[in-house]
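One chain comes next, on its own, written as structure tokens: the form predicted on its own.
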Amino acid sequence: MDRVICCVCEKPIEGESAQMGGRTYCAGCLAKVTRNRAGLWWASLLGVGALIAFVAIVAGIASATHPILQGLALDVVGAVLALVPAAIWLGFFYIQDVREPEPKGLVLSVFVLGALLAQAVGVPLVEGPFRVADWLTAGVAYHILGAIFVIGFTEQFLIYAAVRYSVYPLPEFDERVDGVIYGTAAALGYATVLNLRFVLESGGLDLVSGVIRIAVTAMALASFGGIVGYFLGRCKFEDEPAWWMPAGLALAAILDGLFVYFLGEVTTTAITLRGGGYNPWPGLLLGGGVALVTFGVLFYLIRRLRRLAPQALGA
């Protein structure tokens, strides 16, 4: 008689087994996959709030002191500010996830891999062969399609790859929500590279508008990376159809591209005789709103899966 193998730990199951999503689980792995980890969702929400508070603090200090930063000092300050969003977000994950923390080395390695893929593949691809900046201004349709099919799909596929081909096959990836954690970490690594390049290539930054752009980029990519991670988590622990993961990537890429388009729309002020203006504050509201709604929906979906899961072996 063939032995029944758990789909997570790949060990023979003694006694009764449980079925969920077309997969077979032992009691211990089923408990992990379906357990409630509300602390991680609070960490996400607190991360968004902390980033907005961080922007407000920097903007308040800049408005009160009017610092004069030039040259190397401006680059150093800008680089430090570009690293803060990732430090805040990952820090909240570690503080809140006290029951069973994810291995710090793995989370950090996925973060670094996301950054490396952005620097080595993502940015050169978008700025090189596609030359997005040259034709995104050709009209609304070109702008939206380019933002989705070039920027969105490039970013989200590389975030997917950073998780799928590193931590995904490992035993530490042992519950659905891990996909969201690692997807967010990879996306924050990607966002950090974009922010650092923005600071260095612009020769520094205006503290107020610059720190808002840094926070918005981090919140948006973290949200869309969380979506990719959610679909990855479902793929690992359930028998999803072949179209499931491509559909998840397409959803994240479409949302990413639409966000890029609408961010430009809400931050561009009316054109006058002196030309168009730029107001970064609506972008902060858009980025914060997208992050709160996205992680709220992911929280609801995973809680719903947990309620639908079998509560006892043999259910």
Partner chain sequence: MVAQTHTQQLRARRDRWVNWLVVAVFLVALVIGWGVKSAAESRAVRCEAGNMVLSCPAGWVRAKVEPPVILRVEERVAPFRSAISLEERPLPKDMPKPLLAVQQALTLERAGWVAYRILSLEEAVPVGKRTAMRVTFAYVETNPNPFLETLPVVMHGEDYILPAGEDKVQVATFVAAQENYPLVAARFAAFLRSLPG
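Under this definition, the rigid core comprises the largest set of C-alpha atoms superposing within 1.5 Å between the forms. Keep in mind that what you see is a predicted model, and the values were worked out from it rather than measured. Numbering follows the first chain given and starts at 1.
This next part talks about the form predicted together with the partner chain, which is not shown.
The partner chain in the predicted complex is approached by residue 239, whose closest heavy atom lies within 4.5 angstroms of it. Put simply, residue 85 is far from the partner chain in the predicted complex: not one heavy atom of it is within 4.5 Å. Using a 4.5 angstroms limit between non-hydrogen atoms, residue 235 touches the partner chain in the predicted complex. In the predicted complex, the partner chain lies farther than 4.5 Å from every heavy atom of residue 197.
Checking 89, 160, 173, 111 against the partner chain in the predicted complex, a heavy atom within 4.5 Å turns up for just one residue: 160. When the partner chain is considered in the predicted complex, only one residue from 73, 138, 80, 120 comes within 4.5 Å through any heavy atom, namely 138. Note that among 175 to 183, 112 to 120, 215 to 223, 240 to 248, the stretch whose heavy atoms approach the partner chain to within 4.5 Å in the predicted complex is 240 to 248. Along 45 to 59, a non-hydrogen atom within 4.5 Å of the partner chain in the predicted complex is carried by no residue at all. Relative to the superposed rigid core, residue 297 undergoes a CA displacement smaller than 2 Å between this form and the one not shown.
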